[in-house]
Every structure is written in structure tokens, then in C-alpha cells.
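One chain comes next, on its own, written out as C-alpha cells in the form predicted alone.
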């Protein structure tokens, strides 16, 4: 009978003798050593032990987040009858996705395309302008000393805490007096003000742009504008993209401000237009187009998803900036 010690010694010495016989044995040996080494790595704060409760909670959050999107994708493939007769989280017998997209883009003389162009106008002018103002203001507040700087800081912090809905009625009264309601300016001009974006760029510029670098540029004869565009702006790019994404999503999904400002359907954004399609089913003689509403909602989120996927590496680095002590 072979003792356990002898068996272990033979198993340990076998891989050293087999390499000369065939080439497969060393590979298996290396795999075995790597597996043993991985198992022996102790759990530390940098290599934490997997948490089952945390994994379950994360999985529930993931399902809760993706379930509405899955429902939207599934039901965008159904026609009006399929929406009412089939299970909401599974496909119907026939797929009508392409037909739904075509009808959504051409329904009511292509008014959905008009609403899409209006939304792009509000996003480019409103969110783009808000980002430019936030970058310029945040850089100036972070790198220049001037009287009243602390008062500006207090005003910005206070403005962040005020919800936009609380300012909607005063904004409407002011724009009504100026004669700007029911025009695109009633949506674009309020969207230019982003206290959170200004505060974010202020904090980001204070950490990302070294003051010594700016002083070195000034000593070399660089003007303030050239220093900003050639030195500071590239360093501010992650924060700029982050503010741009936040402003763009807020403007793209804005519903309440256009609701009180815009009465002409030709100037509706997508959010207001889809709600108008939903409301027409409740009017006398109105046509129910729930299949087009769902397909239009799916088309509405596609540009936001594409932009996030293209710019995610910039805004992720912007969010992490300043989180590590140097």
C-alpha cells in the first residue's frame, strides 16, 4: 500500500520529469501552478472578498434599470393589436418594428421629424451654450481673484439648491412680458443657465489647471486668451464633456419648461410631441397611436445612448478627477 506522503512526492516530482517526453505536460503544470497561486492570494482592501449580498443588490438594481428599456424594445416591435393582446415582456407573433419606424416618421406629415429637429436645436443652442458659459465662468472663478468672489460662490451654491420647477412660473411671467413666449427663445435662454455645471467646472478647474503653469505661460509672454485656449482648455476637456452631457440630457428630457412656454405644436420638442400623441386618444374622435408613441420613445433615446457611448471615456475621467489625494 502506498503511503500519502509517497503519493504526494510522486505527484510533485512527475511534472519535472515529463517535459522531455511531450510538450503538453508543461502546459498543464503551469496551469496548475497558476491556479494554485490565484487561490493563495489573500484578500486585502485592494483585493476584497466578493460579497454575495452586494452582488444580489447590484443585480436587482441592474434588473430594475434595464427592465423598462427591455419593455420598450419589445413593445416597439408590435402593432396596435399586438400591444393589447400579447404579454408585455415578450414578442408578438409578427414583428412590425420597421413598419412602426416608418409610420412614426411619416405620421401627420412627418411631424415627429419636426419635433426631433426642434429638440436638436434646443440641445445644441441651450446645452451647448450652457457648457460654454460654465467653462468660462468656472475657469474665471477658480483662477482669478476679484472683489465679490465669495458672494458669487454663495449665489451659485444657493442656485444649485433651487429646483427648476420653482422658477418656471416667474420665468414664464418675465418672458411673457418680453413677448418671447411661444418662441424657441423661451426654451433656449433658460437652458443657458446651469448653476450645477458652473459649480462643477469651478471645482474641476481649481484642481486640473495648475496655477504655476499659468504663471509660467504669462512669464513667457502668453496673453490670457491664448493661455486659456492653448493650455487651460485641453486640461479642462474631461470636465467640459461631463458638463456637456449633463446639460444635454437635462435639455433633451426637459418637459415642464416647454409645456408652459410653447403652445404652437410646430415648436414642440419630442417630449411634448409624444405627450400630444398620447392625449389625442382621450379626445372625442381622436386616433389611438400607442404603437407609434412607443416606437417614437425608442427613437428618442437612441441619440442619447449613442452620445454616451462615444463620450463615456471623457466623462468618466472627469467624474473621477480630484477624488485621489496627491
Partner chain sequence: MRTHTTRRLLGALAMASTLALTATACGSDASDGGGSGSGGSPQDVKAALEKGGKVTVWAWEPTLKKVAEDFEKKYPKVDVELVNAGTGDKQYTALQNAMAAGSGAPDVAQVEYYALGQFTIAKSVEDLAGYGAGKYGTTFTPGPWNAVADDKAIHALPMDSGPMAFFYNKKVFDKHGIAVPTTWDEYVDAARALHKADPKVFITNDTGDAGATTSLIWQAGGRPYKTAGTDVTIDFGDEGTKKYTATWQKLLDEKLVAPISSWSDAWYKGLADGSIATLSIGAWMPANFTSGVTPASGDWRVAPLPQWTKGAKASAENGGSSLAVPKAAKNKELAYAFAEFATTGAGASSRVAEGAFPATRADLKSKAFLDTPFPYFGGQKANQIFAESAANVGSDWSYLPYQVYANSVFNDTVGKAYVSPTTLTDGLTAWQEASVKYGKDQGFTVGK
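Positions refer to the first chain, counted from 1. Not measured: the values here are computed from a predicted model.
Keep in mind the form predicted in complex with its partner chain is missing from the figure; the text below concerns it.
Not one of 145, 159 and 212 comes within 4.5 Å of its partner chain in the model of the complex, counting any heavy atom. Exactly one of the stretches 297-305, 62-70, 47-55, 280-288 approaches its partner chain in the model of the complex with heavy atoms within 4.5 Å, and it is 280-288. In summary, among the residues 94, 108, 224, 99, the only one with a non-hydrogen atom within 4.5 Å of its partner chain in the model of the complex is 108. In summary, among the residues 200, 83, 250, 133, the only one with a non-hydrogen atom within 4.5 Å of its partner chain in the model of the complex is 83. Of the heavy atoms in residue 256, none are within 4.5 Å of its partner chain in the model of the complex. Taking the partner from the other structure, its partner chain in the model of the complex has a heavy atom within 4.5 Å of a heavy atom of residue 185. Using a 4.5 angstroms limit between non-hydrogen atoms, residue 155 is distant from its partner chain in the model of the complex. In the model of the complex, at least one heavy atom of residue 124 sits within 4.5 Å of its partner chain. Residues are counted as partner-facing when one of their heavy atoms sits within 4.5 Å of its partner chain in the model of the complex; in 228-264 these are 234, 237, 263, 264, in sequence order.
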